[in-house]
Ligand SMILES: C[S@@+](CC[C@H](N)C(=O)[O-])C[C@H]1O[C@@H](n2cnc3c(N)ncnc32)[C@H](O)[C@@H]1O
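Next up: a single chain in structure tokens, the form predicted on its own.
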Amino acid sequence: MSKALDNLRLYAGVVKRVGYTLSIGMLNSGSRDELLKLYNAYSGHPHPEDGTPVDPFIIPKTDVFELFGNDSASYEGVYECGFGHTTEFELKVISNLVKKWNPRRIFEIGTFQGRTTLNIALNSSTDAEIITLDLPAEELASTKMDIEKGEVRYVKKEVSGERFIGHPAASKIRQVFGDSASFDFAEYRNSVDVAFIDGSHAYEYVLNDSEKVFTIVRDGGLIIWHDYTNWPGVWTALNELYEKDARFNGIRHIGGTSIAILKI
């Protein structure tokens, strides 16, 4: 019965958001940007570097049952999502992956409001350590590489990680700040069990973050990327890594989500 209610809530939430987006939401520039991204995702898109056409989603698919079977995770704020957030289903997938891997150290690039960070904390062991890296608003004009224009609003926020601040699970979470292109990852080398990449969606940043994270995840660990099907920079970078770098040819796209994963 509870599963049916969960599905009904999910359906109602989707209908509500779609109705809003296609009506008064069109008055909001953010809503229009999101619709444009969705259109681009399913109509093809030129390579962000040289403009040549690319096949958007070439990475092989896997599904949640192959990965972890039944849902056994805990959630908070799962139905509270909007632009810039993981969807309800994606948050559940990430939470279940964390629960299955039982990581002792997790590294996240891109804190935003901390909704995913909090749910990672809720599904990790009591002795787990979660490091979450976010770009402070004051460094927006001095990033080492260009970020996407549509990302500026996610950086210009009053509080980073507001969802977990003051929460009991926050004791596991350590916030660090900086530009992932210049941040020193040396102290985390070969020590991370699960990494979540959801920082800048610009092509060069996705390549940078993927390379940096690969150096800190230990054997047997897991890398999770968000927005593979949503942002051209993400799918172009991941497609390139999948096709041209043997270290990344095990990447898989989780069906029904914008999540890609790599087991190290």
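Residue numbers run from 1 along the displayed sequence. Note that the coordinates shown come from a computational prediction; the quantities given were computed from them, not determined experimentally.
Only in words, not in the display: the form predicted in complex with this ligand, which the text now covers.
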I'd like to know whether residue 180 contacts this ligand in the predicted complex, with contact meaning heavy atoms within 4.5 angstroms.
yes
Give a yes/no on whether residue 196 approaches this ligand to within 4.5 Å in the predicted complex, heavy atoms considered.
yes
Residue 115: heavy atom within 4.5 Å of this ligand in the predicted complex?
yes
In the predicted complex, is there a heavy atom of this ligand that lies within 4.5 Å of any heavy atom of residue 96, even though the partner is absent here?
no
Site check 86, 111 and 135: each within 4.5 Å of this ligand in the predicted complex by heavy atom
yes
So which of 167, 157, 100, 104 reaches within 4.5 angstroms of this ligand in the predicted complex, heavy atom to heavy atom?
157
Pick from 123 to 131, 167 to 175, 148 to 156, 187 to 195: which stretch has a heavy atom within 4.5 Å of this ligand in the predicted complex?
148 to 156
